[in-house]
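In the form predicted alone, a lone chain appears below as structure tokens.
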């Protein structure tokens, strides 16, 4: 039996106030498994931890606790230059995020794959010119059809961005207050009081 595409196994990221003051300033906790190809929408307020979550999945930010497993490999054990063969993080204008090296690559595992299984789109810029949005949606669907797990994170500022998520996403994650909650569809997501507060005037 093959391993899930992505497992967030008791993952936490804790930022502390300082070298001597170890009081947590920010904490993010998530424990979830993604077994099949799908397109997942991610929303949440600024500073909630969405980018931190994506960085941990892609291996550029090490969890304080827990493991990020991509197709059975702990991404923190994989060689730095090969991590994007498992998961790749596109930040805003599709710039790939980088990582800090903490140990020599030769003591680490090689990636078992040559093309990323997990694609993380962090606030992609949807140009409203003719055809561009359709092109991007087709691209996300193509990745899914090829067996990839696709995350699309948006901080909606316009109603059309919510319509994009409604159209392509099969489930949703809402990141707030250090926790990640899962919703099976957009109606379930939008029905939550904290989500409606976050969306404000954009709430359906």
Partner chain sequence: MALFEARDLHLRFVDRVVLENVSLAFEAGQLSGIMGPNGAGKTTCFNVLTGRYKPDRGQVLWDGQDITGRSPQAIARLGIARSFQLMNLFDEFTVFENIAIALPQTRARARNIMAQAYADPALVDEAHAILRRVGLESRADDPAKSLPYGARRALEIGVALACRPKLLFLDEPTAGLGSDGRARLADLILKLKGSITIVIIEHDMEFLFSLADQISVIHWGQVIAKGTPAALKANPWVEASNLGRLN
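Positions refer to the first chain, counted from 1. Computed from a predicted structure; not experimentally measured. Note that the rigid core is defined as the largest set of C-alphas that superpose within 1.5 Å between two forms.
There is another form of this protein, the form predicted in complex with the partner chain, and it is not shown here; the text below is about that form.
Colleague: For the chain shown here without its partner, which stretch in 173-181, 49-57, 26-34, 139-147 has non-hydrogen atoms within 4.5 angstroms of the partner chain in the predicted complex?
Modeller: Selected range: 139-147.
Colleague: Is residue 112 close enough to the partner chain in the predicted complex to count, meaning some heavy atom within 4.5 Å?
Modeller: Because no heavy atom of residue 112 falls inside 4.5 Å of the partner chain in the predicted complex, the answer is no.
Colleague: In the predicted complex, is there a heavy atom of the partner chain that lies within 4.5 Å of any heavy atom of residue 133, even though the partner is absent here?
Modeller: Because a heavy atom of residue 133 falls inside 4.5 Å of the partner chain in the predicted complex, the answer is yes.
Colleague: Taking any heavy atom pair closer than or equal to 4.5 Å as contact, tell me whether residue 71 reaches the partner chain in the predicted complex.
Modeller: No, residue 71 sits far enough from the partner chain in the predicted complex that none of its heavy atoms falls within 4.5 Å.
Colleague: If we define contact as a non-hydrogen atom of the residue within 4.5 angstroms of the partner, is residue 107 a contact of the partner chain in the predicted complex?
Modeller: Outside the cut-off, so no.
Colleague: Of 61-91, which residues get within 4.5 Å of the partner chain in the predicted complex if you count heavy atoms?
Modeller: 81, 84, 85, 88, 90, 91 sit within 4.5 Å of the partner.
Colleague: For residue 131, does the CA position differ by 2 Å or more between this form and the one not shown when the superposition is done on the rigid core?
Modeller: Yes, because once the rigid core is superposed, the C-alpha of residue 131 moves 2 Å or more between this form and the one not shown.
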